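Shown next as C-alpha cells: one chain only, the form predicted on its own.
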C-alpha cells in the first residue's frame, strides 16, 4: 500500500539527512545513450490512474510518470520547488480550531446499517469543533466547518498559516494547456471526499489563486509539517477538473483509461498503451517543460539531461515474485522489485545483475481489531506484541533485507522524529523484544482482570502474493499458538488473499468489526508524522490505513501536539521531544505492532546504467529515470 500523501508521504519538515541510497552509482553525462524502452516488472496492476482514489504503492509508480506536484525531494528528503519556482511562508497566526466556531454549522450524526456513526453531510468537512460528542449517537448534532465556509474565514483573517507558491510560467500539460494557478486550485478540490481526503483536511484550510501563477495554501492552524504534507499533491488540467468551484469535468475515480479518460498531467511521460492487469506503456513527452537552468537550486553538470533519456517505459504486471525474477533473468524486463529475500540474495551474488538497495520508507505492521472483544484490551495487545520474533523474521525470512522494527520510526525519518534515535531505541526496545514468559504473565493478568478465557480464536490475514509476508504471518501464528507453561493462549489461523482483493476489503467501513488481525506493508516518507498518523488517525478510518476504527484520544492529542501549533512549528527541538512521547504512547496502546522496517531494492541487468532506488517504492521508476536533485539518471547500454 502507499499510505501517506505526496512526496513519499509521511509529512514532517526537515529531511536533508544522510543519503539512504546504498552504494550509489553515478554516470558521466558524456556516456549517456539516449533511447530505448525501460522495462519494469511490478507485482500488481493499477487500482486507478486517478491518484486521489488510490492507496496502492505500485499504482503510485505509474502516477509519478504522469503527474507532478509543486515540490519534489531528493533521496534524503530535502524539499525543492518543482512546478513552483519558489515558495515561502508569508504569515503564521497562533489560533486554535475553536477560532472557526463562528463559521460552523450544525449537522446531524447518522448511522450505517452496521452501526457506524458518522456526520451526515456530503460536503467535505474541514474543521470539526473540538467539543463535538466523543461517543455520538445517531440524531446527535456536530458543529463543522466545510469547504463552503473556509473562504469566509480566510477573508476575515482567520487561518493558521499562509504559504505563497509562485508557479513557473510556460509549463504545459500533455494536452497542450498551460499550467496556471487555477489548475492547482481545481486539482486540490478534486481531493474532496476522496480516499486521501483524511490526509489532507486534517491540516488544509483552503487553496486560492492570486493571478495566473500565484497560489496560496492556507493551514487551519500552525503546522510544522504543512509544506511536506500538503504541497505534494498532483496537478491536473482543466480537461479533467473543470474550473475552480465548478463541478469536476471527470468524476472522481474517472481519470482512467478503463473509464475512457486518458490520465493527463505535466509529467515527462504520457500513457500510450494499456491492458488491464497486464501492462502499461508510457512514451516520453517531446516538449517536456523542465530545464535545469530554471532551478537555482541545481548545482550539477550543465550536461545533465533535462528529462528522462529513455524513449519509453513499459511496466508489466507479473504477480508471482518468482516469475518476475525469471523475467529478469531471461532479459524480458530490465528491473524488478518485490522479489523474495532469497532471490534478492541470489541476485546480489551474481555478476550479471545488480541489486540497488536503499534504506526504505516502508514497514510491515500488524493491526488489531481494537473495537472487538477481547482486543479492546491494550495489555492483551502488548502481550501479543512480545510474541513476535522480530530477529528471526529479519534474519531467517528476510535474510537481512528488512530490519527489526524496535521502534515505530525508521532511521529514514529520525532527524525530525526524535531527539536521539539511539536513545529512543534503547528506551523503547523492551516493548518489542520477544519474551514468551513475560507475555504469558501479562496474558494471565489480563485474563483474570478482564475475565478472558483462553485460547482466543483469531484469524490473521495478509496478501497471498508475497511469499515472505505469508511466512512472517505463519511464524507469528506459530508463536502465538505455542503452549507456554502448559497453557495455549491463542488458536490462530492464517488466511491469505490476492493483494487488491485484500486491500479493497481493508478499506471497507465494516472490516473493523470482523475481529480479524491484518498484516500488510505500508510506505511512509521522510517525516515522522505519517508513521503514527496513517495507521492510527480516526480521520483515516476506512481510508489508508486505519482499517480497524482506531481512535485513541491520548494518542490523537500527542500527535496533534507534535505537529500543530506555533511552538512546534517554530521550535524543531521541541517537536522532536514531543514525538518521543508519541512513540511511547504508540507502543503502550499497541493498536498496531510494527514488525520490520524495509529496504527498497530494485534489481537490474548489466545493460541498465545509473539505476538507484528511491526510499519509497512509490517512485522507484520515476526517480531512477530522472531526478536532478540527486543528479540521478538511468540509461540503457544496448
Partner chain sequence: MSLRRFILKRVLLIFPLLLGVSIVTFSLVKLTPGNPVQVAIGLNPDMGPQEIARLKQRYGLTKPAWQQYLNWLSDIVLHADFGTTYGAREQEVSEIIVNKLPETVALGIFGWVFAVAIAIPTGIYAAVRKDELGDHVSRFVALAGISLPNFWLGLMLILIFSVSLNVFPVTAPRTPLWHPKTLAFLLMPGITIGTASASNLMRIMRSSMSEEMNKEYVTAARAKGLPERTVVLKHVLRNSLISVTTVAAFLTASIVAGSVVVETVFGWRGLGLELIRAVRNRQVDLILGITLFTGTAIILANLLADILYAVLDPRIRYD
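Numbering follows the first chain given and starts at 1. Keep in mind that what you see is a predicted model, and the values were worked out from it rather than measured. Take the two forms, superpose them, and find the largest set of C-alpha atoms that agree within 1.5 Å; that set is the rigid core.
Missing here is the form predicted in complex with its partner chain; even so, the following discussion is about that form.
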property: Site check 79, 153 and 312: each within 4.5 Å of its partner chain in the predicted complex by heavy atom; result: no
property: Partner contact for residue 196 in the predicted complex: its partner chain, 4.5 angstroms, heavy atom; result: yes
property: Residue 53, heavy atom within 4.5 angstroms of its partner chain in the predicted complex; result: yes
property: Heavy atom of residue 474 within 4.5 Å of its partner chain in the predicted complex; result: no
property: Contact of residue 341 with its partner chain in the predicted complex (heavy atom, 4.5 Å); result: no
property: Answer range among 374-382, 351-359, 113-121, 162-170 for contact with its partner chain, defined in the predicted complex as heavy atoms within 4.5 Å; result: 113-121
property: Option touching its partner chain, based on a heavy atom within 4.5 Å in the predicted complex, out of 444, 149, 85, 256; result: 256
property: The single option of 94, 332, 449, 438 touching its partner chain in the predicted complex, heavy atom within 4.5 Å; result: 332
property: Is_shifted residue 105 between this form and the one not shown (CA, 2 Å cut-off, rigid core); result: no
property: Core superposition between this form and the one not shown, C-alpha change of residue 502 at least 2 Å; result: yes
